[in-house]
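Presented below, as structure tokens, is a lone chain in the form predicted on its own.
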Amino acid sequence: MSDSKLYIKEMPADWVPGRDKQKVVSPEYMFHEAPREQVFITGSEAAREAIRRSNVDIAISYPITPQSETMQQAGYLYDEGYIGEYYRAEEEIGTMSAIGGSSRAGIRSLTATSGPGLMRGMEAISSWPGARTPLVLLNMCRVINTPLAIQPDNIEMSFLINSGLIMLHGENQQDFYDYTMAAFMISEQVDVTLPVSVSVDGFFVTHARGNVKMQADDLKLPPRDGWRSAVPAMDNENPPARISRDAPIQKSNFISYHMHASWQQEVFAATERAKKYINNYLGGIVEIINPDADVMLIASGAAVSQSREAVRQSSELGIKVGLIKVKAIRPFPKAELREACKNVKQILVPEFNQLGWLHKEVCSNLFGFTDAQIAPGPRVYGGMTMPTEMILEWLEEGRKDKPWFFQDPF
């Protein structure tokens, strides 16, 4: 037998887990009434502080840049007793399968990933909505295409759009903090009961610092009630075989078609029902600047920050440009965009990806509801930054009203 010893950290006899020192408050008090103090921290630290106040029962993850730093911060919370259980899985499919299982067991569950990790775990992730698993996935976007890179690029979000997840897309460190806490409350509403992904553009948000207004750390959100769900939590009375539906019925083609189709309809209806909670907790599903402008920028994520500066600089030149910040990709704010753009003449959609998935969403949802010309960009990808000058140049080109400018070159 070796002389080596397994060293296990021994807690003092009077140690109290951090979560036991916190006071439970209502979501309405936490988001709208509790005093806040401003701090200057990274996005990863902002996510940590959101998790600290979210009464999380279990976190499971597998490291991948730029997600690793955030979940390292979650490890500190586990050590301090703010997370009930925390472990590193062996790979991404195992991570997403395990966190789905913990959610089915009725406890508040958190995981996180980035880029290729998201793609590798998609087989399990795509099963979450149909199983009605309320959990939170933090997604720190990065390049997924070859050649391999770790730089920010949010094309991966296009693979989640029609999976049945609720999708929030944060602009900055403040959003990463607020959206993460709100995600738990949204996902666990009985008329929703769906997973929520909170995406931010990696490095631009996760590793950069920004001002974040936070509530006191002795407050926490209410715990999850595992029985308050669209489907019951798994236990001896509700074993997995029962919740998964009767296998012989699933093998009857006629019945299984109708059962699967109706269940998909319910999942996407539940996604739409989440909108009222997004409006409540996050102050609206969109934010609109200069709503009476003839030219409008529509953006989500970090592209919003560059768009804000373009709006400001345009105003200094005596040119009014509007901005619509899209906070949720699913449910998509189609009614809000249709109302905001009914009199707009030109629309630009800045994005941090080559595909232009937000541009496609805007076009499909505004078709027939606006006469505006919708430009497919500007777009940067592969980890490149988006200088404000690029948006200003596109705005200048748009003012020349050239038909080719509004055609998607991709």
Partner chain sequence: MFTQENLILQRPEPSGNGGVQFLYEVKGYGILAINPPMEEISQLHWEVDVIKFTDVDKYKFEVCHTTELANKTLVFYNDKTFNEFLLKAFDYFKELDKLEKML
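Positions refer to the first chain, counted from 1. Bear in mind that the values here come from a model prediction, so they are computed numbers and not experimental data.
The form predicted in complex with the partner chain exists for this protein as well; it is not shown, and the discussion that follows is about that form.
The partner is absent here, but in the model of the complex a heavy atom of T42, alone among N365, N55, T42, Q373, sits within 4.5 Å of the partner chain. Listed residues F204, Y82, F184, W128 were compared with the partner chain in the model of the complex; F204 is the one with a heavy atom within 4.5 Å. Interface residue remark: N145 is not counted as part of the site for the partner chain in the model of the complex, having no heavy atom within 4.5 Å.
The partner chain in the model of the complex is not approached by T271, whose heavy atoms all lie more than 4.5 angstroms from it. Of the heavy atoms in G226, none are within 4.5 Å of the partner chain in the model of the complex. Interface membership of N211, defined by any non-hydrogen atom within 4.5 Å of the partner chain in the model of the complex, is confirmed.
Three-residue candidate spot E28, N290 and I329; no residue lies within 4.5 angstroms of the partner chain in the model of the complex by any non-hydrogen atom. Annotated contact segment (heavy atom within 4.5 Å of the partner chain in the model of the complex): 379-387, selected among 338-346, 28-36, 357-365, 379-387. The partner is not shown here, and in the model of the complex the stretch 271-304 never reaches within 4.5 angstroms of the partner chain through any heavy atom.
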